[in-house]
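Form predicted alone, single chain, as structure tokens, below.
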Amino acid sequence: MDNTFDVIVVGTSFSSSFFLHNYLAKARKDIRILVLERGQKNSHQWQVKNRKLTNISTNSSHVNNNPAKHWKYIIGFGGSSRAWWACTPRLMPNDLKLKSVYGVGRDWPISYDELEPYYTEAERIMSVSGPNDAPYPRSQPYPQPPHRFNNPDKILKQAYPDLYFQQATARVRQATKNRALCCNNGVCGLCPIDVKFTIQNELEYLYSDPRITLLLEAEALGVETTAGIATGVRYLQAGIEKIAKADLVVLGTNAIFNPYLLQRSNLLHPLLGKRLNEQISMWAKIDLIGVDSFQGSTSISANGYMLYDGPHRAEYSACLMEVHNVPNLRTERGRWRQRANIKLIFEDLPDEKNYVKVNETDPSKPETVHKGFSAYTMRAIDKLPELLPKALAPLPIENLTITGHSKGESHILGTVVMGDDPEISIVDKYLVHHQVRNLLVLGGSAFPSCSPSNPTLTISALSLWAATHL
């Protein structure tokens, strides 16, 4: 079999699929593209029947140095699009220039204005539902109208018209050709009626393009290089190690496996694998007086920006509020629904003490080392008992309880960082490797900073941007 291609793409999740979406549109008709996917297809029907998202255990796919810190992802066709909650806020403009505005973290090499058209395109592909008065600059309205607020949302929107909004989401408000409208059953990790955008329900057609050869159960092992040029990819299929050759190599895995593959390929850099990070979250349970909740039309009805941007970011991190609309009822008769549940998501400052490396005992697996969140983030969490009651003062609150942080947000970021200077970054603003110029490294691994906002829309927009500028 001729194992020579023009392009090899590793992975089939958001970054790879959105890259292919734009790349195929401009590629020549006789181009040959090999896509390597470690997992199986596992159709949505299979997932629902088996009540699981994949037949591969992620716990056995990497070594976790810190059991208190979970790193969640899915291996299989479509990757973690199977599991995400389909929350699609954009990053705020200041998220991309933390250093220049607030003196902390790092600036991105790309501006919000440069990325904005690609946000718009990603939202169109996903059929995102969102508000007309979004908190960030927009060139076009959202493809779908916003979901319905619940009653506490309406009170907070009236109090904070410029800081409180229906959540932008790829849980559709109106049915599409491939998806029914959201019925707010709250089982969004594995939506039983396939409402949220996934690679499987909206972009699987890309992989039927005659220019693409999709190999399932093909595990990438490393990038082959000669004299500073990528020449192909080593991979394992059916227990046999093989090499496919290509003129362009695209890594589209997550921020654990992207650096691991580069490390296994001896494409080393002082920052490679360093600054592994994601957000940290807390929960607020609010018992209300005389106000019923949970009337919204989707599982997360709103985002609050009252604690997000501002001068405080020079001292402590931003916080994004997610108002959850899945009933968590009270026990008092007649007051079952007088409650609001809010997830409070904090950005973290990437730190080199958290990293990915090749496991010494079993080099076939990456190892994650996480020694803690930054003091910058912990200061924000410490101030929460002071700040949150003030932010929620418009609500008639009987009792407010803040509970402990989650073990993982499923947003793995920052280990193959992007930037203009090859000394302090590994890929450039177009996600091309600084030293190996026919190698792209896509996905959240390129993020220089960790916004409170969900990163998936930005990952998708960056892939569209990379394909356009290649």
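The structure presented is a predicted model; accordingly, all values stated were derived computationally and were not measured. From 1 onward, residues are counted along the sequence shown.
This next part talks about the form predicted together with a small molecule, which is not shown.
- Screening 283-291, 248-256, 177-185, 147-155 for residues having heavy atoms within 4.5 Å of the small molecule in the predicted bound form returns a single hit, 248-256.
- In the predicted bound form, Val358 stays away from the small molecule, with no heavy atom inside 4.5 Å.
- Taking the partner from elsewhere, Leu20 is found to have every heavy atom lying beyond 4.5 Å of the small molecule in the predicted bound form.
- Contact check for Leu388: no non-hydrogen atom falls within 4.5 Å of the small molecule in the predicted bound form.
- Contact check for Glu219: a non-hydrogen atom falls within 4.5 Å of the small molecule in the predicted bound form.
- Checked against the small molecule in the predicted bound form, the candidates Asn64, Ser410, Ser425, Asn438 yield a single residue with a heavy atom inside 4.5 Å, and that residue is Ser410.
- Interface residue among Asn277, Asn303, Ser81, Ser374 relative to the small molecule in the predicted bound form, by the heavy atom within 4.5 Å criterion: Ser81.
- Judged against the small molecule in the predicted bound form with a 4.5 angstroms heavy atom cut-off, the residues Ser13, Lys72 and Ile75 are in contact without exception.
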